[in-house]
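This document contains two forms of one protein chain, each encoded as structure tokens and listed individually as structure 1 and structure 2.
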Structure 1
């Protein structure tokens, strides 16, 4: 946070007695400048972009694109990315970044599938993946908040280290899930919808509630908008940052379990370069990289745009190099479109 911002928004009057009121106040400092008014416009822009993609998909792929099974494929492929993106939305809203999510996901998937962990059954496998995620996230948060290391560097270090540890544990082998109960619990459908899509839906709804309806969410926005103002408003900024990075680690751990359900294998290459897709989806969704503004709905839309895009390309059998160019163009296009619409609605 810059010096000017700090001096501009330091509350001059006496703090409110009630803590949540104070937090609310600090959060609204930022929200006044466009969060409420801009959010609707931004999401409309994303929905328009998604619909356009679907029209292109239908025009070029016909029923192959519009079939129910293709819809489920898109949602399944978006689920892993989406769950991680929910956690990342919180982190980016605080003005931070978590580059380690892909590696932590890989580490969680590997640690949960070692022969010994598998021998304890599926519950322990899941607990293990989540514990690895939360543990790595806590470590990130402690180093960032109390060690005063820039988030970019701290999580970059975790990115490298977690990948290395995953390779060491897996001995660079692919560890096949050999627990029938795990597959029974996480594979297959409920009401025609794959279970991992349900997990994504639950995480997204919980994430939305946490972000928009709780003090935790308000604090997250406040910390990102102006950390000093948030501190003066009584928010324990450092502790809050630790929680936020732990949350991001938790979502990476959940995604690790989902990867196991999708691929039936723990591998140290799981989640390779995932952080880039996640950050792109969150930013395209409308969360401000500088912090202070975030949107869970936007993130979900951003994730769907990316997975639908890949799907439309593959349905049309388009060269993967062309796909990459188009992806880059769409990232820029989506952000430009959002800015347009935001300006018009504010």
Structure 2
């Protein structure tokens, strides 16, 4: 056999090397694009949107917008919304919805400010508000998971029932907090920041840890991604759904305490239509309405975007009807963007 024949019969690895290089390059490009279209990319976009809103606020409101008192106002307004949104993030990640959070908040604030409850002191007031929230959430979860009622219908029924019960208890009157110790504990500032803002920060950190660093969070994502696959993997889907809705109720109860600290009044109108802003903030933050993907950081940014937008509207004396139209447009835009990103990543 000639030298030329030998060299021709030995396979060369050059084409394989070229193919490997192309595959590696394509994988690298996918990783880069996946990073920018993933959670980090979405959060960067939200930060940019928030900064642009701040620029608009400064351009239209001047130093009034950037004043410390106004910034604290934005954070205070966003705190109640934000705490409820943390719980809603878990619910929507499972592919569900909770329309009752605003009414449960109102019921918790009313029940905690009845004369009988206040007579036992501020600790009982807080426990009562939290118990009302958890109880309503558990009932929602049981009806949805074991009663097999669609989440939209079950929580809509709770929305109506909780608001009606709050009106009966309060007799459609505002109940004033008459426990000085409650105000001492929850009103005022720590290091110049309102206490309710600190509560929001603590709930957000705990929510992030629960969602990203625990089995509970991973199961929440799994149930939302594919409930049947999660069941086959050993996750008790129905029980987990009950826990998730109880968590949502708990955050509504915490928000009930916070609104008492902010207004010193329990009323059946507390939290009216709050669920709409909560769902909007969660969706704008990047949590998929279809379930299977959620983000606590995105939710916090979504809350800040909505409260800052509202503050800019108020500073510029924009009609409330125009505000609602703008918020509706933002929600539709966020959902359309979600659908586009979902199609690109599938």
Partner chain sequence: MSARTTLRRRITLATVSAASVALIATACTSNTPTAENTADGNDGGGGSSQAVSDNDAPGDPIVIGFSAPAADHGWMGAITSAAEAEAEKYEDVELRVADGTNDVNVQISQIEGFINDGVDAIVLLPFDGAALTDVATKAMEAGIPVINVDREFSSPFAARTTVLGDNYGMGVSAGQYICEQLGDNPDAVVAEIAGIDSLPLTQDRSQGFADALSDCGLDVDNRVAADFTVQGGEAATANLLQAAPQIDAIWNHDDDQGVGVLSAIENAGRDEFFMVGGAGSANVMEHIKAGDSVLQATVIYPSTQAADGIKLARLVAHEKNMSDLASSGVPRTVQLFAPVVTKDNVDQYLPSAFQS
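In this text, rigid core is short for the largest set of C-alphas that superpose within 1.5 Å between two forms. Not measured: the values here are computed from a predicted model. Numbering follows the first chain given and starts at 1.
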| query | finding |
| --- | --- |
| Of structures 1 and 2, the one that is the form predicted alone | 2 |
| Did residue 290 shift 2 Å or more between structures 1 and 2, C-alpha, core superposed | no |
| Rigid core superposition, residue 318 Cα moves 2 angstroms or more between structures 1 and 2 | yes |
| Backbone CA shift between structures 1 and 2, residue 331, after core fitting (angstrom) | 3.3 |
